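Next up is one chain by itself, shown in structure tokens, the form predicted on its own.
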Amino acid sequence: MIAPARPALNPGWILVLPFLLLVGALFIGPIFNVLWISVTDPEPGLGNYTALFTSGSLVKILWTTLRVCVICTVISVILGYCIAYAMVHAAEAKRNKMLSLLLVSFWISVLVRTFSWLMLLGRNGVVNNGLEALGIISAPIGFMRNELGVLIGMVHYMVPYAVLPILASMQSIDGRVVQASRSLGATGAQTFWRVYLPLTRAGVVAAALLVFIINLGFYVIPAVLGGGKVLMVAEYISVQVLVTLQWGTAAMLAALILFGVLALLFLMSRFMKLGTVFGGAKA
């Protein structure tokens, strides 16, 4: 009896294998190292994770991070949706100009943006001086060293990230569907809420996921605009690594963020295909 021939190895895998090993060494390896440190430093066990239930300061930091990230995500997605809606319904020349301005914002360093907000929102900044000159306020408004300043800076940075997925989703909508809704007697508001908005759901979800995940790791804006008063997870991890040298706590928080992101993606995958959400081809 002749044994069945083994399938030939795809030459493509031979070319890809070195890069897969490189990714494993430079990406997956450090992740496992962080997970290992989280359960071995300062002593083996789950002591670092139990601190989440016994340390009031950790709970406060996590709650602050979650609250700021959710508020920033909601505001960024709403503003991003409005901007994308205006862009997709503008003339081609205006749309190209708006897209160019949107892309330029990606080239500006987050440090430059953050320190610009310091100049604008400080007690003697342009905003407070302008409002006082107009007689709207009698004393400077405290924009800095609180969640308001952090949210302003984060929303300003994240809106372009929210616009692009929503814009791509809107551009894929067949205009005849909207016209059919209007021809069947639906008002503009009914067409938007019952037809247009559901068709852009994938873009909204993608924008919300992208913005929320990036927000979880924000460090510069909360550290500068918050002035130590708004302590989020990323800044606390930096303190644990560079100041207190509690690497186990820092690794535990980093692992917590990782697990949170993976859990969020898994939850979304139960309701929709993530490939479609992030711009992949529809089945």
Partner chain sequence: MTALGTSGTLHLKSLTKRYGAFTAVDNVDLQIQRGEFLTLLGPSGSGKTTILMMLAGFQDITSGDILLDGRSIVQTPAEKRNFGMVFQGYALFPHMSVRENIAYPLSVRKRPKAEIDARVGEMLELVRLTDFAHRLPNEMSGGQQQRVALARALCFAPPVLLLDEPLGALDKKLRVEVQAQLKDIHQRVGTTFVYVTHDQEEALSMSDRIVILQQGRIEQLGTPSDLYQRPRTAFAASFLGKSNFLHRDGATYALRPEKIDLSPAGKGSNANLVSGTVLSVTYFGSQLKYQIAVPGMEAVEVDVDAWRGGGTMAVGADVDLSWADAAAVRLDE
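Note that the structure is predicted; figures quoted are calculated from it, not measured. Numbering follows the first chain given and starts at 1.
Although not depicted, the form predicted together with its partner chain is the subject of the following passage.
- Put simply, residue 185 is close to its partner chain in the model of the complex: some heavy atom of it is within 4.5 Å.
- When its partner chain is considered in the model of the complex, residue 177 lines it closely, a heavy atom lying within 4.5 Å.
- For residue 190, a non-hydrogen atom is located within 4.5 Å of its partner chain in the model of the complex, even though that partner is not displayed.
- Mapping the unseen interface onto this chain, residue 78 falls outside it, with no heavy atom inside 4.5 Å of its partner chain in the model of the complex.
- Of the candidate stretches 83-91, 150-158, 197-205, 110-118, only 197-205 has residues with heavy atoms within 4.5 Å of its partner chain in the model of the complex.
- When its partner chain is considered in the model of the complex, only one residue from 105, 128, 146, 181 comes within 4.5 Å through any heavy atom, namely 181.
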